[in-house]
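Encoded as structure tokens, the following chain is the form predicted on its own, with no partner shown.
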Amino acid sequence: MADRNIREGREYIGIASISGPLVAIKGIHNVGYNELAEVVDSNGHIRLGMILESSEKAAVIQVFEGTSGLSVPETRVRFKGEPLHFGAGAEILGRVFNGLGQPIDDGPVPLAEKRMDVNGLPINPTAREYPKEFIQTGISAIDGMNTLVRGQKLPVFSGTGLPHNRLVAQITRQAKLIGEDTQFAVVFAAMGIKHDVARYFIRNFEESGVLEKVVLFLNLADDPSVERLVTPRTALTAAEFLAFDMNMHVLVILTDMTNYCESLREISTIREEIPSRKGYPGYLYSDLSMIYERAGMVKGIEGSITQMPILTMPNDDISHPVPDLSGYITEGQIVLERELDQRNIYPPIAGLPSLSRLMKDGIGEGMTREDHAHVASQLFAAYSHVKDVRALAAVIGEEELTPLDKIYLEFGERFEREFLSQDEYEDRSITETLDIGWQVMSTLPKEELYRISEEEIAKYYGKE
């Protein structure tokens, strides 16, 4: 096929092969990895593509709009000599884009103050500031026990059919920095979602009045799957502009990272790469880290990027490669539990598997409240004992339990119904969250609160 390639400036006629969304071309000038290309069919329609693999005088291009209708001898290719860029500016706030950063809300193309390479770079570790400022989501199970800190990466592990979309929408509506007069924005990227889910998010943000501070990137289920590989990168590029050029504090929500990884596996299979665990490519860890590590704070810059990736666990398997590797890269996880959801507890955030590794640095006097750390620790310990008592009751019967064990069962019921459970439009302050925690703990005798100081018990125990 190389002898049929005709170079007209930077245009080549004829390609070597087509495989799924991939096009191979030979007999070209040397091109670079991630370089942008225009693939033109016989009707003159231009499809955008990106170089996935390159060698001397050959390249493999992933075509974002798919390869349907392309023919080997008539397809023309033009190389742009640059990677995919996103035109970032203040006007992107309140707008809806596709995964490539093209507006899809019928509005004009926003004024670009800066063209940015969507591939970006992870933040240099030596330039990072340590995350330590509390972000209030208004959700007790997160704020009280798995606190989100500015600059943190805190994923949500969910399962098929669990209300992670409702939880994500609630966090987007309610997230704020307390005690500071700062600019706060949300960058929301959805990958492989259905049309009705996309409409739900847009309508929800419009009705609640937060759309003006949200930038949405939507890759729908019927959009090309290769576009999903670019969607989180485009979204993070927008977040980097808002954070590091406009000094805003940005919360980035990526849903669903499992769909992203499925697209990565699909492309890897087409390229006939040697598979690793469950067919995913061996570079899945490094690929995810290039996305997650674009969160954080930089010394000398006021803005910040905080990430909450959402991923669904196939068969609720937390050891699946996607949640497993995500857990190694990020600083904790929020786990949704199917049993709680079946009992109509919203949000069904599991009390014990959930963890925020940076929580200790963002709570306490001057940030939340002086008793926060001890309240969270005591709630964890008491709820852990509730799980043991419930397992024992399933064997010997509840009537055989000790009086103290029965008190713990009452505590467990109150903890789930009063502390964990709340309406999806209920925005609790951290003070309300901690007060509810004390009300629930007051079910237990004082001597069982062994992780609480005497001063705190005297101040808060049994108080309304």
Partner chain sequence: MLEIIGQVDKIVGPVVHARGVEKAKMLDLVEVGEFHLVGEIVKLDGDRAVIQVYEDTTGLAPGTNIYSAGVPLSVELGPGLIGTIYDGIQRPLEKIRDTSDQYIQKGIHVAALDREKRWLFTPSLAVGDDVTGGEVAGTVQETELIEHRVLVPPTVNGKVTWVAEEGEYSIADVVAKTENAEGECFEVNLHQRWPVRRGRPTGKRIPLSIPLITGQRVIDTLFPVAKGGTVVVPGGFGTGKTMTQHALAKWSDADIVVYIGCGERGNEMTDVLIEFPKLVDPRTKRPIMERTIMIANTSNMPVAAREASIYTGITIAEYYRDQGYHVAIMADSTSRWAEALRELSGRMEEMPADEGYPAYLPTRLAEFYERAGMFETLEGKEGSISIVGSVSPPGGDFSEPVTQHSKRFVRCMWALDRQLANARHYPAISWLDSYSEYVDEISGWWQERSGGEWGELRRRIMDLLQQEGKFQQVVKLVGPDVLPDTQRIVLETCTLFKNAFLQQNSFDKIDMYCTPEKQIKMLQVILEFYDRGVEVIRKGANIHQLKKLEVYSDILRIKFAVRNDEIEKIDKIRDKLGRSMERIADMFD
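Residue numbers count along the first chain shown, from 1. Quantities reported herein were computed from a predicted structural model and do not represent experimental measurements.
Keep in mind that the form predicted together with the partner chain is not shown, yet the notes after this line are about it.
When you look in the predicted bound form, the only residue of Ala90, Val109, Ala127, Ile178 with a non-hydrogen atom within 4.5 Å of the partner chain is Ala127. Only one of Pro353, Gly279, Pro73, Gly209 comes within 4.5 Å of the partner chain in the predicted bound form through a heavy atom, and that residue is Pro353. In the predicted bound form, Met367 stays away from the partner chain, with no heavy atom inside 4.5 Å. A residue is said to contact a partner when one of its heavy atoms sits within 4.5 Å of a partner heavy atom; Asn30 meets this definition for the partner chain in the predicted bound form. With a 4.5 Å cutoff on heavy atoms, Glu240 counts as touching the partner chain in the predicted bound form. In the predicted bound form, at least one heavy atom of Thr402 sits within 4.5 Å of the partner chain. Shown here without its partner, the chain carries Glu11, Ser17 and Asp256, none of which come within 4.5 Å of the partner chain in the predicted bound form through any heavy atom. The stretch in contact with the partner chain in the predicted bound form, judged by heavy atoms within 4.5 Å, is 289-297, chosen from 289-297, 257-265, 220-228, 186-194.
Contacts of stretch 301-333 with the partner chain in the predicted bound form, defined by any heavy atom lying within 4.5 Å, are made by Ile301, Ile318, Ser319, Pro323, Asp324, Gly327, Tyr328, Ile329, Thr330, Glu331, Gln333, listed in sequence order.
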